[in-house]
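One chain is shown next in structure tokens, namely the form predicted alone.
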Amino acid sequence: MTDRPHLAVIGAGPAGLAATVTAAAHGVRVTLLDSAVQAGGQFYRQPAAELHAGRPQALHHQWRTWERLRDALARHVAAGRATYLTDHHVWFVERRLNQQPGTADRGGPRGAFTVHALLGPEQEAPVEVTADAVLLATGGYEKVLPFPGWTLPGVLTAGGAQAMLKGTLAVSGRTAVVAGTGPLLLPVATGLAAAGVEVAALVESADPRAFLRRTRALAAQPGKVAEGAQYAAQLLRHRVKLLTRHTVVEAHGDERLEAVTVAALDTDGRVRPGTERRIACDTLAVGHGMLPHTDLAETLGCRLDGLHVQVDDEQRTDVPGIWAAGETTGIGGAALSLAEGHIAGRSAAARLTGAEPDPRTWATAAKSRTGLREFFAALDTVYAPPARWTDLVTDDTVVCRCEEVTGGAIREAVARLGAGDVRTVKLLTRAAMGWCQGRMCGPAVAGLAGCELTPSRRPFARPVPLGVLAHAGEAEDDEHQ
């Protein structure tokens, strides 16, 4: 198998799994790297084996699709066509050779890329994987917007609540409010309710009447509409109160969350005075959509379209030898990620083996991709955060948790010190200089500064121990001697 061209796939969510099993089935040796200890990503996150979950499928949609992917990966690993590396945290992808445009994606040169990863929970042992091409399936992460009280224990992201439930079969409290905007709120609320949590309210800032202006895109995806209807039926069955065009104004509590105040929004996204109501709860799961993970793509020099990686019809980036699929190319859910992963895997296999790619082999996936992209583009216009969400951020509200920078400090940097972009705000306040490097607070800092959120161009995708960098430098010196 070692004479086969080698593809490294980074990320074992729906897109990475689909790409891996497809490429391995079409003549390519694949190494799949993922930071988790089990494949599946967030969507197919599994309980730890030690928990002996009796019906893990109860927490998931598309369970049979997951089983097919899981079993196909196992077969390819057993046959030597694929290698699956768990607990590998990729921090950099290095272009090893000066490539002429197009050479890497025609099957050469060999060993064009080195994937650098940190092994294990300590993330200190370096690992390197050399490959002829790389497929980025790095997924997305939640957009977090602050409000007074959001740092209280008991307040967590919607995806965090879902990950806790899927991965540990645990919940953070007995009474929850699910709030924010976006389709993720529905499975989070229904999942918590099914687990025995009293969901006091689902607080959605979007106006449901906006869907009436998107009927064509919705009608083209009857499966997605039916899925939404199923969630609505579950909410009714569990007697979850639905508050649309509402938002969380403040979270209350001394040592942990005790209640939240919610209020109605007017058509301009402002809180309507006199509509505030207080809801007792010990858990608040809040989310305002997702953002693509593009760190590795940025360090490779891939062109971005706004905040996501730009790809062609074959899921190729503009960097020869680099493909991208799934949420990193635009947020669109598991079905879209599967379609893009399939296309990327077929394209990479054809290019690396020297065959001429035949779009007919992925025509069904391409049709699905087109329809789902249109569907989620329509949803994006509906599920936008309230236009005036920054009005809720008081000067005392912590915005950057790593560096404890408040809303007032950011506003002062803009109004009094003349900061006109996020980078200048960062230099003046230390906002986004902490451990997360702005992944959590970046959207909030940009919103408060009145700037557009732009890619940060980080040199590495995650913090790296100095010893690992020193080792990498020594290895590079030895290679050139």
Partner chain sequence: MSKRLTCDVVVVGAGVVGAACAFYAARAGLDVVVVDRGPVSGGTTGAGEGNLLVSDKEPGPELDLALLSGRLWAQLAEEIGEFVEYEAKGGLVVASTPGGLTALGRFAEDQRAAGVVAEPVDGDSLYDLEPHLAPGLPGGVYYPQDCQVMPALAAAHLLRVSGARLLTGRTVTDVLLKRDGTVDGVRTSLGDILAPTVINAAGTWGGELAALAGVALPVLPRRGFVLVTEPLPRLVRHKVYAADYVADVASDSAALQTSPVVEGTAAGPVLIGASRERVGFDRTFSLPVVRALAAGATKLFPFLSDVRAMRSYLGFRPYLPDHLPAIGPDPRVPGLVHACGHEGAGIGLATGTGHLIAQLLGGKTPDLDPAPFRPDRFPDFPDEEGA
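Residue numbers count along the first chain shown, from 1. Fair warning: this is a prediction, and the values are worked out from it, not measured in the lab.
Not pictured, yet referred to below: the form predicted in complex with the partner chain.
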| query | finding |
| --- | --- |
| Residue stretch of 385 to 393, 131 to 139, 114 to 122, 228 to 236 approaching the partner chain in the predicted bound form, non-hydrogen atom distance within 4.5 Å | 114 to 122 |
| Exercise: residue 276 in contact with the partner chain in the predicted bound form, heavy atom 4.5 Å | no |
| Heavy atom of residue 376 within 4.5 Å of the partner chain in the predicted bound form | no |
| Exercise: residue 427 in contact with the partner chain in the predicted bound form, heavy atom 4.5 Å | yes |
| Exercise: residue 64 in contact with the partner chain in the predicted bound form, heavy atom 4.5 Å | no |
| Heavy atom within 4.5 Å of the partner chain in the predicted bound form - qualifying residues of 309 to 325 | none |
